[in-house]
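Quick setup: one chain, the form predicted on its own, written in structure tokens, and binding and motion questions come after.
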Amino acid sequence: MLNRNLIGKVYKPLTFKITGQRLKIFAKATGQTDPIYFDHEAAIMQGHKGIMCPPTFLIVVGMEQKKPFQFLEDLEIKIERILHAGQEFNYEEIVYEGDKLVMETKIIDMYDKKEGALQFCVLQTKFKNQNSIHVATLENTIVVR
């Protein structure tokens, strides 16, 4: 049973610099074809201030932590018991190469389905840039079986 006392738990913020190289690698790995995701000059010519962050790139930021799955330890769940149930990215501002982001994650909800056979945990991660402007929110839902 998930420990619902952990709803509201906030994890230590992580600061991460968005480099053009990381964006290019991610863009290639995810099959992006628009040059704004990997070509600085093409992005500038299209009115951007540099290479633009591909839509799902921000998930990479969370993997830069020493313990990216600390929440599983806190919930006392083995990684082999979880499945990815959903993910949603909401952007308020465009993220570019050179931005320095601060990421803060919080457990925001837990619920059951199928009379408790499936337990869900929802994490929300907010990203602010170097100017303390909220640029994006990521919600990630896992299911424990």
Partner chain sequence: MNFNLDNISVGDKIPELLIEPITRSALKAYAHASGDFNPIHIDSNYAKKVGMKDVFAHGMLILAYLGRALTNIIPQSNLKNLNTNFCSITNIGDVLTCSGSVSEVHNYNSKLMIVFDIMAADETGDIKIIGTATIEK
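Positions refer to the first chain, counted from 1. Values in this document were obtained by computation on a predicted structure and should not be read as measured data.
The next section is about a form of this same protein that is not shown, the form predicted together with its partner chain.
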I'd like to know whether residue 104 contacts its partner chain in the predicted complex, with contact meaning heavy atoms within 4.5 angstroms. no
Taking its partner chain as it sits in the predicted complex, is residue 29 in contact with it (heavy atom to heavy atom, 4.5 Å or less)? yes
Does residue 52 make contact with its partner chain in the predicted complex, using a 4.5 Å heavy atom cut-off? yes
Against its partner chain in the predicted complex, would residue 25 count as a contact residue? Criterion: heavy atoms within 4.5 Å. yes
Note: exactly one of 44, 110, 77, 85 sits with a heavy atom within 4.5 Å of its partner chain in the predicted complex, namely 85
Residue by residue through 109 to 145, which ones have a non-hydrogen atom no more than 4.5 angstroms from its partner chain in the predicted complex? 145
